[in-house]
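Only one chain is included here, represented as structure tokens and corresponding to the form predicted alone.
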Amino acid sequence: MDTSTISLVDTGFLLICTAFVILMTFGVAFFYGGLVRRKNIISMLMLSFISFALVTLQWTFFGYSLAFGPDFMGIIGGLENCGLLGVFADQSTRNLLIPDMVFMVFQLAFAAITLAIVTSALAERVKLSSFIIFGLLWTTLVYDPIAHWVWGNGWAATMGILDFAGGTVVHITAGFSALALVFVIRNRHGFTQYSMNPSNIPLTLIGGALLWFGWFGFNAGSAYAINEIAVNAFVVTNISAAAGSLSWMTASWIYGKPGSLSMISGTIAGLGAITPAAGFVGPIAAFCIGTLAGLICYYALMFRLKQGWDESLDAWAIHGVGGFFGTLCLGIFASVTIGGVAGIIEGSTTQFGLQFLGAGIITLYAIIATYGIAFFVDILFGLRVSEDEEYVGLDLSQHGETTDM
């Protein structure tokens, strides 16, 4: 095959970035694992590991084809690439200087971490068997179509709705899906009645560190080449993360003490918010996005608690709200000199309108479709464990293991 259009440098860069994003899924495992009670740490870790394994096979057999196969009416990809048929390690068909196989595995890592983020809403009460069924259906019916709409030449891409690295596809989709799940699986027994404090904050901080590190591959890799856009994405990602860390910590400090969990939650909020805009905004805009994201996501978490929603580990408040906010910020701060698109600050309201439309439709679809899938799985198989199993803990009742072994 003709390899003259393949850049070995860019291919190597994307393979490294892919490894970074894969590491992020295990970062989610540690981040979430430390936030649950001791009797559920292994279970929480398992959900992320299983997410990666499950999505790897789903993506190989038909998920990639649904998301990135030939477009069908702007809604879904065709089945021509099932089993990775026609996806080669030495051929590029996407106007990129990397092989299709590298593009495929980079996108696989995005799909896997999105399902792992959703497990926030299932903490300490989901049956492993039911999660596997839910995860397969959710990735196929929610993630794959949205990825196609935005990145696979679907209706959103055709309209000009932009998402550099996953503000809509990953963060809105995962965060609002987690919120929808809560209303099907319901609160943990005893929620708001007795303490459910995190059991291992250092483990969560390690997970947060892995996420901060991996996010450079997540965002810079989405340039698909070593160029000025990748460098810009790398720099603004770090700035937004730092700003989010300090703004969330400061907000929580006003009402109490500057806890480490508040700091690392702000980091993830800043990272999620900059993701859709990383290839379109500069450093000062990134500072504004990260600072505001830390504050907005903090108050979203406070709102969630006030409502009594047991979206246990706050994927909605951090990823969903942060991703929605960041998607709108693209339409506000986008710079022609960086990404070729003008936002409100540069005198154009067009992109902001498109971003709002795209974020709104994807949010509604994620909520409705996820609720429907979860309701279906719950009716047929039961999503959650029994009250006795929940009391004993999922480590023992689902896996026959404990952290004391």
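These figures come from a predicted structure and were not determined experimentally. All residue numbers are counted from 1 along the displayed sequence.
One more form of this protein should be noted, the form predicted in complex with a further copy of the same chain, which is absent from this view; the next part is about it.
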query	finding
Touches a further copy of the same chain in the predicted bound form: Phe26 (any heavy atom, 4.5 Å)	yes
Exercise: Phe62 in contact with a further copy of the same chain in the predicted bound form, heavy atom 4.5 Å	no
Exercise: Asn81 in contact with a further copy of the same chain in the predicted bound form, heavy atom 4.5 Å	no
Interface membership of Gly382, a further copy of the same chain in the predicted bound form, 4.5 Å heavy atom rule	no
Stretch in contact, per heavy atom within 4.5 angstroms of a further copy of the same chain in the predicted bound form, of 370 to 378, 346 to 354, 46 to 54, 64 to 72	46 to 54
Candidate spot Met101, Ala209 and Ala243, all three touching a further copy of the same chain in the predicted bound form (heavy atom, 4.5 Å)	yes
Option touching a further copy of the same chain, based on a heavy atom within 4.5 Å in the predicted bound form, out of Phe213, Phe303, Phe191, Trp155	Phe213
Residue among Leu295, Leu141, Met159, Val231 with a heavy atom within 4.5 Å of a further copy of the same chain in the predicted bound form	Val231
Within 258 to 272, the residues that have a heavy atom no more than 4.5 Å from a further copy of the same chain in the predicted bound form	Pro258, Gly259, Ser260, Leu261, Met263, Ile264
